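Just the one chain here, the form predicted alone, laid out as structure tokens.
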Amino acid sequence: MELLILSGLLLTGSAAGVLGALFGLGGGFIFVPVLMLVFGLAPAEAVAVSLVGIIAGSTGASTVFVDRGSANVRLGLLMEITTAAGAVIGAALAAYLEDWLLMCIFSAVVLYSAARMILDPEKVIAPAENASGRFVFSYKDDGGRDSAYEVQNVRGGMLLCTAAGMISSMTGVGGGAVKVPLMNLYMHIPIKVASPTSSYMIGITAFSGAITYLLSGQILLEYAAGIAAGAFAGSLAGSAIASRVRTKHLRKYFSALLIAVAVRVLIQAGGIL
């Protein structure tokens, strides 16, 4: 592989790794269009390499988030049961279904979520006094104080994660664009917890989809190695930045990024990418 191409892959992976770790999106919304437009990969090849980059970015971010206690590992593993199942289904169906309609629906949901996150204040449900339920957790708020929250609508959230997993493997976006708003708006998990938890989950989801592409021989290993190395390094930087961003700013920036993701997916649905 030429040095120029390798440098481009490392740079792309690093940029996507920073944003992916910071917002819990995985970086696939950058990987896929860049790999197609700049490096000339076919759509299926770009998605396959993107999933490898997402795995690397998730691994790097999770080493920081889990050690810091930002990611809710217990809840993430529970929700990942249905998310991973959706990823396998999506990867299997990708070769047979016309996915433009799914992309349009996905974009509409993401745009609605972005508007909700801009207009609605964060609603964290504090547990009742002396509560000791299975879904009561603690986190550090913007002031570094220990606070508690109780997860709401767990069953519905797990069901909706199936759709997030399908979208992840069919579009290469990573699923975080659905999972983070789902956790924050529907399950009332603080954004400071939702984004790191999504980063933790995304690697497992992407691995489930990547296995299907690997078995079909669609992963270009040299490109995947360059993207993965950059994504891992970028994710470490992104996870370090995340702890310094206040909640209201994080939600605002995340909403802007959601709009960009929705536009990118709509362009893809129109056959431009």
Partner chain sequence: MNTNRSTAMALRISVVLGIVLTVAGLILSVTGNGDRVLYSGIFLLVISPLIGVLVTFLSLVLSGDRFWAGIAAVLIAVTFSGVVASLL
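What you see is a predicted model, and the numbers here were worked out from it, not measured in a lab. Throughout, rigid core stands for the largest set of C-alpha atoms superposing within 1.5 Å between the two forms. Residue numbers count along the first chain shown, from 1.
Unshown form predicted in complex with its partner chain; subsequent notes refer to it.
*Asks:* Tell me the stretch among 237-245, 25-33, 39-47, 60-68 that has any heavy atom within 4.5 angstroms of its partner chain in the predicted complex.
*Replies:* Contact criterion met by 60-68 only.
*Asks:* Is it the case that F106, A177 and V193 all touch its partner chain in the predicted complex, with a non-hydrogen atom of each within 4.5 angstroms?
*Replies:* Spot residues vs its partner chain: no contact at all.
*Asks:* Closest heavy atom of G203 to its partner chain in the predicted complex, within 4.5 Å or not?
*Replies:* Judged by the heavy-atom cut-off of 4.5 Å, G203 is in contact with its partner chain in the predicted complex.
*Asks:* Taking the shortest heavy atom distance, is L266 within 4.5 Å of its partner chain in the predicted complex?
*Replies:* Flag for L266 set to no.
*Asks:* Heavy atom to heavy atom, is L185 within 4.5 Å of its partner chain in the predicted complex?
*Replies:* No, L185 is distant from the partner.
*Asks:* Using 4.5 Å between non-hydrogen atoms, is Y149 touching its partner chain in the predicted complex?
*Replies:* Because no heavy atom of Y149 falls inside 4.5 Å of its partner chain in the predicted complex, the answer is no.
*Asks:* Residue by residue through 191-214, tell me which have a non-hydrogen atom within 4.5 angstroms of its partner chain in the predicted complex.
*Replies:* Residues within 4.5 Å: Y200, G203, I204, F207, S208, A210, I211, T212, L214.
*Asks:* Using a rigid core alignment, state whether the CA of L185 is displaced by 2 Å or more between the shown form and the other one.
*Replies:* Result for L185: no, shift under 2 Å.
*Asks:* Indicate whether A194 shows a C-alpha shift of 2 Å or more between the shown form and the other one, with the rigid core used for the fit.
*Replies:* Shift at A194: below 2 Å after core fit.
*Asks:* Examine G86 after superposing the rigid core and state whether its CA is displaced by 2 Å or more between the shown form and the other one.
*Replies:* For G86, whose C-alpha is compared between the shown form and the other one after core superposition, the shift is 2 Å or more.
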